[in-house]
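This document opens with one chain alone, in structure tokens, the form predicted on its own.
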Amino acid sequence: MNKSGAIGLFDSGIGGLTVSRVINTILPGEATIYFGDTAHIPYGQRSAGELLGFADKIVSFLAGQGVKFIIFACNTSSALSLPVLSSRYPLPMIGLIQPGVAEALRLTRNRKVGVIATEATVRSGAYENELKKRDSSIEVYSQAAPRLVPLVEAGELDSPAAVEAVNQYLFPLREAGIDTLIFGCTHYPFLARLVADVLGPDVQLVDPAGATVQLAAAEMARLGLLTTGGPCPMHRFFVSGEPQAFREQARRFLGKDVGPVTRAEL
């Protein structure tokens, strides 16, 4: 496998940019190819079969671009599609679930862990199962938060609607006494300030992106895939929907222009 290839990553929309920016920090010499499946967002209410079909086409596209490693920068796809596609394609892959769980278990003190995620991720039980598998004494409180992805995609990070939705979804978790909350969707870290205001300073917030990229870096080093190239890697962006809308959203959230965004037909 060519170590000069890019790292491929994908999400339903802009949420995976929370993973992309960590890659740029931890692995600044690595090129990336990002795919946002914006024609099919949100993923949360779709069936497992439908989501697997989307992910299969995206992974096939990324493989065709010559990527050397794939990060499922989407919790829903990590939960439902990664277990199938990791055995279907001869490419190393990693998702967000296991690294996020490991970080939550490292941080929790009272063994009460909350998870906010899309409906599909909550239905899959991926976080709860992984937490319980690693520590059967953990109490897990999962909350589907279907309104949050559309709010983030619309740029409503501190609007009255966002404040109301965050309060609604976090109320039962706060009442349960959690001391650690996993962002079970890559869109949700964009709402971290609101979430922190609601839960208070005693609740640790876990964004799986950091732990996932650290684990990916270690695996790439083990496989001899870390680049030895120069300091100016290329970052390319593809979407299944409207390119300009994604470019404007990315500029708003990252504070910089990501450059050309290309529409790709899957």
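Keep in mind that this is a model prediction, so the values were computed, not measured. Throughout, we count residues from 1 along the sequence that is shown.
The form predicted in complex with D-glutamic acid exists for this protein as well; it is not shown, and the discussion that follows is about that form.
Handout entry: Candidate stretches 57-65, 36-44, 214-222, 236-244 - the one whose heavy atoms come within 4.5 Å of D-glutamic acid in the model of the complex
Key = Residues of 36-44 come within 4.5 Å of the partner.
Handout entry: Contact of Val149 with D-glutamic acid in the model of the complex (heavy atom, 4.5 Å)
Key = Looking in the model of the complex, residue contacts with D-glutamic acid include Val149, since a heavy atom lies within 4.5 Å.
Exercise for the section: Using the arrangement in the model of the complex, list in sequence order the residues of 60-93 with any heavy atom within 4.5 angstroms of D-glutamic acid. Expected result: Cys74, Asn75, Thr76 sit within 4.5 Å of the partner.
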